[in-house]
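Only one chain is shown below, in structure tokens, and it's the form predicted on its own.
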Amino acid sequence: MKNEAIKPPADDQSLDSKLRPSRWDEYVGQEKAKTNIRLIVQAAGKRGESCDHILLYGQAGLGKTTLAHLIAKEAGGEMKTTTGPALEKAGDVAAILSNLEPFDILFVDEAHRINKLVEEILYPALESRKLHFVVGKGPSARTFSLDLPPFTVIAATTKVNLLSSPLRSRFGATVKLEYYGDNDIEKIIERSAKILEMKISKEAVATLARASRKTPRTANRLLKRARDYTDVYENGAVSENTVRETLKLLDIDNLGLEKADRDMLKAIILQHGGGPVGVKTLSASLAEDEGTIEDVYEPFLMSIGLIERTPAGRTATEKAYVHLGIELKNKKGLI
């Protein structure tokens, strides 16, 4: 028998690119942010100018990179991408800025990790399109200034508080992306399923949406895992039972909590009487980095009302007790 060539499957990264919206009408949710951004871009286009520099912030996976691509497409410029950690030296910034063409978009991800010394090179570039640099050392050192073409910087960060005030003030617009509602997440899942040529029931979509942590990136990741489960075990449409079995394998509950999230809640409730407990104590109890607790677990748990932050520390809410099936008598002050 003649061997047939097997086409290798697309990897997850190429799938992520395929699922990324390429038009404004495909970008679900974040209506206020989209309206403000499109106003800036369209007004600049009518004047024949490059649009103001834009700072996007919010939790990971909410669509900051996608928005940057859409802005670049509408503005008609080429988007060049870098990250904060990659800008280690002044020469790195100078090399990137000096190669920009008129109306190019420079997207800087993880902007809060830009070297503070490098920021000083960015200030005049953002404000007056000037690149100042020094050649030589000591008495023979000379300062040069290079004019830059009209360009736009779009910076994205999950920690806007770590950006210095002088850098933040040089962005013409600061846009916060919020967590998504279940209805918007369901629309995103349905769109992604259509692109992936998947058949999925309404009940399965709703179950996936509830477990998606109000985040499109997580929703698409869980959808791909449900597709994997279906292809291996069922070879048909994705049903509600398929989704439940997939979540069970991933150790994710119906609210989207992973084991680490539940461990954090149990530590607050069972080890510290429901709180309040400080982040340092919680970090020691979980053997987890403080930054991970504050940036990864805590925001989502707060958004769905399972914990509260008080001046004295983190406190588990009554809803957390109910979700974990722990009697309220263990919570200080409730009974």
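Just so you know, these numbers come straight off a predicted model, no measurement behind them. Numbers follow the displayed sequence, beginning with 1.
Keep in mind that the form predicted together with a small molecule is missing from the display, and what follows is about it.
A.B. asks: Taking any heavy atom pair closer than or equal to 4.5 Å as contact, tell me whether M302 reaches the small molecule in the model of the complex.
C.D. replies: No - in the model of the complex, heavy atoms of M302 and the small molecule never come within 4.5 Å of each other.
A.B. asks: Any of the heavy atoms of T66 lying within 4.5 Å of the small molecule in the model of the complex?
C.D. replies: Yes, T66 sits close enough to the small molecule in the model of the complex that at least one of its heavy atoms falls within 4.5 Å.
A.B. asks: Is I326 close enough to touch the small molecule in the model of the complex, meaning at least one heavy atom pair within 4.5 Å?
C.D. replies: Flag for I326 set to no.
A.B. asks: Consider E318 of the chain shown here, and say whether it contacts the small molecule in the model of the complex, taking contact as heavy atoms within 4.5 Å.
C.D. replies: Outside the cut-off, so no.
A.B. asks: For the three residues D16, G61 and Y180, verify that every one has a non-hydrogen atom within 4.5 Å of the small molecule in the model of the complex; reply yes or no.
C.D. replies: Yes: D16, G61 and Y180 each sit within 4.5 Å of the small molecule in the model of the complex.
A.B. asks: Would you point out which of 122-130, 230-238, 94-102, 213-221 contains residues with a non-hydrogen atom within 4.5 Å of the small molecule in the model of the complex?
C.D. replies: Stretch 213-221 is the one.
A.B. asks: Please pick, from E49, D289, E26, D295, the one residue with any non-hydrogen atom lying within 4.5 angstroms of the small molecule in the model of the complex.
C.D. replies: Partner contact (heavy atom, 4.5 Å) among the options: E26.
A.B. asks: Taking the small molecule in the model of the complex as the reference, which of V243, I188, A111, I154 has a non-hydrogen atom within 4.5 Å?
C.D. replies: Result of the distance check: I188.
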